[in-house]
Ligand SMILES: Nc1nc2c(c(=O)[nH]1)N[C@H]1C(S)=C(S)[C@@H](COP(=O)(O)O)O[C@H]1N2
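Here you get one chain, nothing else, as structure tokens; it is the form predicted on its own.
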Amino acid sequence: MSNFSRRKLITTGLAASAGASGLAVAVRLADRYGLIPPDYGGIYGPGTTLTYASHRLLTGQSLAREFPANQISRAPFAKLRPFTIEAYDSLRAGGFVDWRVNVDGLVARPSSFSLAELKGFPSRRQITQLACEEGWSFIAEWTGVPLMHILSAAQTLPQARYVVYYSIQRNWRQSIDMADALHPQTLLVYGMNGGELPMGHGAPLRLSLPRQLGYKSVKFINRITVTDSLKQFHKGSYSWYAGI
């Protein structure tokens, strides 16, 4: 059976189960194929599972919409809560020359990359929309290195299932599964609209994840952890999977 036929069969089964016998049956079918999100549980668990499983089966490695340059927003919205972190202020004063991103966890080669080293990786430019869960959005050109290249350099181990990424701002982190981590449009961004990434948008480094809502695109990234479980990580205020 082809991959397309298999996806169609599973998706049809999920839809039929949800409609005929309730979400619990659909969840059992999703579990059979390893499509249970890590925040499953509570009254919303079956619904989130159905959403996540359906998205994974239907979208696969499909690309988020990319726009022509004439649709770039004139004044991209930047929501930034003021913060004072001595280490960040010092790095910023030095032009972020000493900024590093540490990669650890389930990798054969734990690594630490400077901004200059990241810029030496194959880069990608894409004009995509950042859609916030609060209702606003904007279109911008993002320049950065696909996360897959960083993970390849660190030699991700076969049992890896998730990637957790951290901001220099305390307790600000998010996570994605390997399908999104290895997606070609998932970027560690260092440039925006032809220039350097502004502070309001997370300088010197943020994630661009155009297939999910904006809260997954964390700013000021300085650490990446590869893991096979998210049990040790605190859950956020929003649903873990934010696919759009």
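Note that the coordinates shown come from a computational prediction; the quantities given were computed from them, not determined experimentally. The numbering used is simple: start at 1 and walk along the sequence shown.
In what follows, reference is made to the form predicted in complex with the named molecule, a form of this protein that is not presented.
- Annotation: in the predicted complex, residues Ile176, Tyr241 and Gly243 none come within 4.5 Å of the named molecule through any heavy atom.
- For the named molecule in the predicted complex, the listed stretch (148-156, 91-99, 161-169, 106-114) containing residues with heavy atoms inside 4.5 Å is 161-169.
- The named molecule is not drawn, but in the predicted complex it has a heavy atom within 4.5 Å of Ser217.
- Among heavy atoms of Leu130, some come within 4.5 Å of the named molecule in the predicted complex.
- In the predicted complex, none of the heavy atoms of Ala87 sits within 4.5 Å of a heavy atom of the named molecule.
- With a 4.5 Å cutoff on heavy atoms, Pro184 does not count as touching the named molecule in the predicted complex; it lies far away.
- Residues of 195-216 that come within 4.5 Å of the named molecule in the predicted complex, judged by any heavy atom, are Gly200, His201, Arg206, Gly214, Tyr215 in sequence order.
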